[in-house]
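Only one chain comes next, encoded as structure tokens, the form predicted alone.
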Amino acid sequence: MHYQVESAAAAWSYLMRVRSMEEDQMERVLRLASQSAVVIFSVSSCCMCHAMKRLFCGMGVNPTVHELDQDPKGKDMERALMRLLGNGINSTAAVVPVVFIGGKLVGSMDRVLAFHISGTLVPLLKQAGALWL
């Protein structure tokens, strides 16, 4: 019985450390997202990420891009982004690209394209100071 109590205490301690690390990465993601008018979290080999970067560059926007595969804490940041997007841990949905405009989460590729097609992306970019047209 004594062994089970120690085991439960060790498991609880491990869970709290993991949760703390996840919160640290969430804070890091939100801090990075607020440091520029347009921030894209990307993976360098992802074709959808490339298309997203090209979309913004083609509009005259110079986004700050954080390549998760080139960051030592990239996998942890990707998990934090999954939580922000509401994707479950076992979700097969693509996490990247994830876009923040004016420090606010816009979302993934589908949301950004929906804003672009509906004509609301440019006003959002102007409001954030990323476009001066």
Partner chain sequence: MGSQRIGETGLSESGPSSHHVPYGVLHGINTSSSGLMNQGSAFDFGELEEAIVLQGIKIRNDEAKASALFTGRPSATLEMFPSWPMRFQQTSRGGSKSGGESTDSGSGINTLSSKAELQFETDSPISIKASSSDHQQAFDQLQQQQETATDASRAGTSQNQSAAKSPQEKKKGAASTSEKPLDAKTLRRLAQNREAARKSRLRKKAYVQQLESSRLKLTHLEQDLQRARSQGVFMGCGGAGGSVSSGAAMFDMEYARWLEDDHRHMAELRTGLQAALSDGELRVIVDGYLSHYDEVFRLKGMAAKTDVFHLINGMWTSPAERCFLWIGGFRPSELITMLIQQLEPLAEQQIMGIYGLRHSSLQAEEALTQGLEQLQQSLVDTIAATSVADGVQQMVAAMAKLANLEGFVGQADNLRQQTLHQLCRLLTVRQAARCFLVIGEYYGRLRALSSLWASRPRESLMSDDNSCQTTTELQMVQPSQNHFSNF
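Residue numbers count along the first chain shown, from 1. Just so it is clear, the model here is predicted, and its values are computed rather than measured.
Heads up, the form predicted together with its partner chain isn't pictured, but that's what we're talking about next.
Looking at its partner chain in the predicted complex, residues Leu30, Asn62 and Val95 place no heavy atom within 4.5 Å of it.
Partner contacts here mean any heavy atom within 4.5 Å of its partner chain in the predicted complex, and among 33-41, 46-54, 98-106, 77-85 they occur only in 46-54. Within 4.5 Å of some heavy atom of its partner chain in the predicted complex lies at least one heavy atom of Gly58. Although the partner is absent from this view, Asp110 contacts its partner chain in the predicted complex, with a non-hydrogen atom inside 4.5 angstroms. Within 4.5 angstroms of its partner chain in the predicted complex, the stretch 100-126 places a non-hydrogen atom from each of Met109, Asp110, Leu113, Ala114, His116, Ile117, Ser118, taken in sequence order.
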